[in-house]
Ligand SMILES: Cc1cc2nc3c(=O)[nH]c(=O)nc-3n(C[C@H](O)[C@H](O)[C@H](O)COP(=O)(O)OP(=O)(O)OC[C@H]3O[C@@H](n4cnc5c(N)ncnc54)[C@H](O)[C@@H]3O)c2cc1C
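Heads up, the chain below is alone and in the form predicted on its own; it's given as structure tokens.
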Amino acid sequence: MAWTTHEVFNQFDELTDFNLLTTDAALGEALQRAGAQGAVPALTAYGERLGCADTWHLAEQANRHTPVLHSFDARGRRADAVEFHPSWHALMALYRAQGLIAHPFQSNDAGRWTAWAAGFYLHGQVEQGTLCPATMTTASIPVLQKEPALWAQLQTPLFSSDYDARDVPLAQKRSIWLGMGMTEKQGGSDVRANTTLATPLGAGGRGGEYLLRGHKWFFSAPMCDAHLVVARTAEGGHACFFVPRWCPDGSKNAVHVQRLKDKVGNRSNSSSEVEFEDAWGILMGEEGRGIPTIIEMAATTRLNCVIGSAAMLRQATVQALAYARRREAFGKRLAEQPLMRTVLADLALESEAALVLAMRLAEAFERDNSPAQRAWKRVMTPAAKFWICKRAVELTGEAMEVLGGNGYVDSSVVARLFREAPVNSIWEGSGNVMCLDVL
């Protein structure tokens, strides 16, 4: 457009069309330290694809065109279906195609956890909502591996790198996604306050069939093919159940989506409230051991929170640096102003420190057979989640200040990071819960 009132100058778009891996020396060093050099070619190609302008556009679209719940079909039949913009499916397919979902569990190669963490970290710099179902699916694998009958059925679609968005029974799916259902209205992080009741069909017991009646206040993400759900039994206490979206007889399971959450961030992803009206499920583990079972899964999801927050810190820093190196104010580029240089140096230092800690934590997950590494992981997982996730909230705001008003508008990449940052500090246990976990 030709302006008649003024010339537009000293304005710069946010950085795109760069390779997220080759421009990140600290990430390259982390892969080298962990012995994950074999993963570098694939990660380099992924970093190039993620950094291109088209992928940034997909991320913007997925967060602008948010999921829509269709409770019923056109003839009044219960549907409980969530419609996503095509950009969501494109980003989900992109991540799935990298083979990252099950990467830590498909081999004993050195550096496998670091390679997986690096792929997650790269994707999380561009779009975060798509990583919610990815996180839960990866974290479910070690729990499901302890249930031989379920694992025999689910291993192939869990390990698949093919994206299958169809809403059909498990047996028909080429690949699947797993979700979690823990939080209820009255309890929040206090899962022991859950009231959802599971009643056995027959004798019950491990691997037995149950009917679940109750609710979940946060149920992520409702279009997953199955969820791991905590419910109490009449006599045995809380237990963990595998609750598929479709029953074995081909009917839709009685998990009714009440509404989708209108969240501050994480807009591309669907988080929901649901009610179980005698939903069918299979007991995993023993009655009374549901919370330890789900906490095992939460250990991995907390690692994802650490890596995801480090990813947001990295991209906020990259965008702040790119802008400050071009934008001029008071006769100099912003990056040449002494106070701004201090701000940028602080951002870079915290970003790199977060990355180093996140990758060291991923290495501890790989070395879990060592008592010392297992103890370090046990303490540092909640500690790292507490610190890095909280710092991401502060520092994405600091990066936004570097861009000034340009960073505060909704279309800004940094604004999306700022809205996204609090979720990792809240989900999978808030700050006080993490402190109690360390103790």
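Start at 1 with the first residue shown and count on from there. The structure presented is a predicted model; accordingly, all values stated were derived computationally and were not measured.
FYI, the form predicted in complex with the ligand isn't displayed, but the following is about it.
This chain is displayed alone, yet in the predicted complex one of W246, F105, F218, Y163 has a heavy atom within 4.5 Å of the ligand; that residue is F218. Only one of M180, A362, A320, A115 lies close to the ligand in the predicted complex, with a heavy atom inside 4.5 Å, and it is M180. With a 4.5 Å cutoff on heavy atoms, D24 does not count as touching the ligand in the predicted complex; it lies far away. In the predicted complex, the ligand lies farther than 4.5 Å from every heavy atom of T16. With a 4.5 Å cutoff on heavy atoms, V438 does not count as touching the ligand in the predicted complex; it lies far away. The ligand in the predicted complex comes within 4.5 Å of a heavy atom belonging to S189. In the predicted complex, every residue of the candidate spot (M136, W427 and N432) has a heavy atom lying within 4.5 Å of the ligand.
Heavy atoms within 4.5 Å of the ligand in the predicted complex are found in exactly one of 97 to 105, 72 to 80, 181 to 189, 232 to 240, that being 181 to 189. For the partner-free chain shown, nothing in 11 to 37 comes within 4.5 angstroms of the ligand in the predicted complex, judged by any non-hydrogen atom.
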